[in-house]
Each structure stands twice: as C-alpha cells, then as structure tokens.
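Before any questions on binding or motion, here is one chain by itself as structure tokens, the form predicted on its own.
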Amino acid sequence: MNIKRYFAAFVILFVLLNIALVMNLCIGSVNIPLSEFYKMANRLPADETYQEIITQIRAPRALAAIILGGAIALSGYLLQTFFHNPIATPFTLGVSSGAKLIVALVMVASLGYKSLLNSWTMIFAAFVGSMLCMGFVILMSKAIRQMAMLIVSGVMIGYICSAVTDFVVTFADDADIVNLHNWSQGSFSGINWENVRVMAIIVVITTICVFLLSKPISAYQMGEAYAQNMGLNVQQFRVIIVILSSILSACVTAFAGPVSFVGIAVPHLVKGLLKTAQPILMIPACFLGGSSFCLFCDLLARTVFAPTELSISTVTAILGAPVVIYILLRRKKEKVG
C-alpha cells in the first residue's frame, strides 16, 4: 500500500512539474500556441519569433526556477533536520539575507570591473555570506536552548542584513546595476544559459551528495544519541549538513536573490503527500516539489499584473505563509493534546 502511495506521489509531482514547465514556456506577454511549442519540442520548423522567445528568455528562466526551487526546498529540509524544527529555513534563520548582503556588496564593488563579476564569483560571495550568518546562528544555538528564541535571533540578523543591503542598493546609482533592485527583492528574470549551466553543476552535485547522506540523516532524525550508537560521527555530520545547506542557499541567492517560505512550505507539503519522513524519499520529492512550486509562483509573478512583474518572494510568501500558520497551529494542538 505504501509503495503505491509513494509511486502515486512521485507521479503527481512529475505531472505538476511538466504542466508548470509547459505553462511557463507558453504563457506570457506573448502567448505561444501549443502547436508551435510542439513543433519546437520535436525539432520541426516553427515560427522564428516564438522560437527566439522560448530559447533565449523563457527556457533559461524556467530551468532556473526548476533548479533553484528544488535547491531552496532541499536547503530548508536540511536545516529543519539539523535544528529538529519545522520552521528552520535559510529565510527564517537569516542565512539568505546574509548571502544577499555579501552578493550586493560584491556587485557594487565590482562596478567598472565586469570581468571580475561572473557566476562563480556571485556564488562564492553568497556562500561566504551564508556561512557567516549560519555561524552566528549556530553560536546562538549554543547559548539559547529555546528554538523559538533562536528563530527570533535569526529573523533579527536577517532584518539587519536586509537593511544594510537596501542601503547599498539605494545609494548604488549606476546604469550597470539596473537589475540589482529587482534581484534584491527576489526574481528569476535576467537568467541566461551560462547562469543555468553553472547553477546546474553546483546544485546537481550538491543534491547527489545530500541523497547519499539519506541513511545518516535518517539516523540523525531519531536523535543524536541514537545516531552515535549507530556509529555516526554527529559533529562531523552536522558540519556537512551546514555546508551542503549553505551551498544550496548560496546558489539560490546568487542568481535569484532571497526566495521566502519555499524552504518551509514545500517539505511539509511533500511530507503530507508521501505520509512518511524517510529521507530517501523526502530528498527527491522535496526537490521536485520545490521546482514545481517555484515554477507556478514565477508564472503568477509574471502574469497576474502584467506588464508589471511581482517579486518571486511576494508570491511565495502569499502561498507559503498559510502553510507555516497551519504548522504552528497543528504543533500547538499536539502539545495541548
């Protein structure tokens, strides 16, 4: 019975992903008929204008939403595992804001030196910012035993980093950083094929590493004492989890800016779909769920108030916040019960 449920869950996730992908490629300021999309997909002669729109604008953006959406959902899952808390994510702990701050500083500092500003530089800067904030959160976790206060501390450091970033963006008046403001609010726009190639390399390798840790994660979920009895080096494992989560979060922030609530909502939605917390199933399901979620959110961001485009975080917050509220209410009922 469980195997049938797992199979059905993955089929649903794959179908949603494909539907969202086709919708993102066909719907926009210029609607592309499905017949033209079919021709392009099968390498048949198609309208050159439609082909240009899909291959140069929509396809790289949609692939970025798939890759980065999966990455942020998986990063949230890892941090929830690390802290044993359902609302611990890069966004709530301030990690995304730290990455955003360092990337913004690097972008402004490199004005006039375009050769220095490339995808790898952006990811490295975001990783540094992520690790700095993560280090702060871990130090706070040693001093503060209450998880609620730890989350509050993360939110505060996030606000501080965001305030400094806004200050930098406001006074960085230069034609070369027109898109900096949009990026700082969260957006998949402006993604090119080179960006997609770099993010794909990093996210795929990191995701494979996370999947190979399925058994240690499963043991860690049972408690640190249990994991140690099973022969797991808990201290080393915790460091690996932090690094992998920071790499995923850094990649997202470097290319799309902060993306809120995906890391909280998707793991819980996926867990409800699978009815299990087994990492070997949750890891690929979280990635697929995050990809589908971000594709739908990006479609809404582009089309609801077209030609005005919403930030991706605005849409993900609207759809993801109710999930967080539900989680908090359910945990309160469980404690009362």
Partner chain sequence: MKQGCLFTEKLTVGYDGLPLIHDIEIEVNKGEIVSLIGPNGAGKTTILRSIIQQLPPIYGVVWLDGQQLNQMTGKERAQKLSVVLTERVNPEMMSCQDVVATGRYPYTGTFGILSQKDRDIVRSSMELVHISDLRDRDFNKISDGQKQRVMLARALCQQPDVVVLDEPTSFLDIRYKLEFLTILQEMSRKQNLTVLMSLHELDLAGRISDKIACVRGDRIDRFGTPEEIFTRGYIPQLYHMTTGSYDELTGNLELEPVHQPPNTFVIAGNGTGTRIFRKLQREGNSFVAGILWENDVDYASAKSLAAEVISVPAFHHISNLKVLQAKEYINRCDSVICTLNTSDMVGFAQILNDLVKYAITQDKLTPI
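Computed from a predicted structure; not experimentally measured. Numbering follows the first chain given and starts at 1.
Not pictured, yet referred to below: the form predicted in complex with its partner chain.
Note on the partner interface in the model of the complex: the residue among Val169, Val242, Leu132, Ala219 having a heavy atom within 4.5 angstroms of its partner chain is Ala219. Proximity to its partner chain in the model of the complex, taken as heavy atoms within 4.5 Å, picks out 204 to 212 from the listed stretches 152 to 160, 204 to 212, 252 to 260, 124 to 132.
Taking the partner from the other structure, its partner chain in the model of the complex has a heavy atom within 4.5 Å of a heavy atom of Lys271. Within this chain, Ala143 is remote from the site of its partner chain in the model of the complex, having no heavy atom within 4.5 Å. With a 4.5 Å cutoff on heavy atoms, Ile191 does not count as touching its partner chain in the model of the complex; it lies far away. When its partner chain is considered in the model of the complex, Val196 lies well away from it, no heavy atom lying within 4.5 Å. Heavy atoms closer than or equal to 4.5 Å to its partner chain in the model of the complex belong, across 231 to 270, to the residues Gly231, Leu232, ordered by sequence position.
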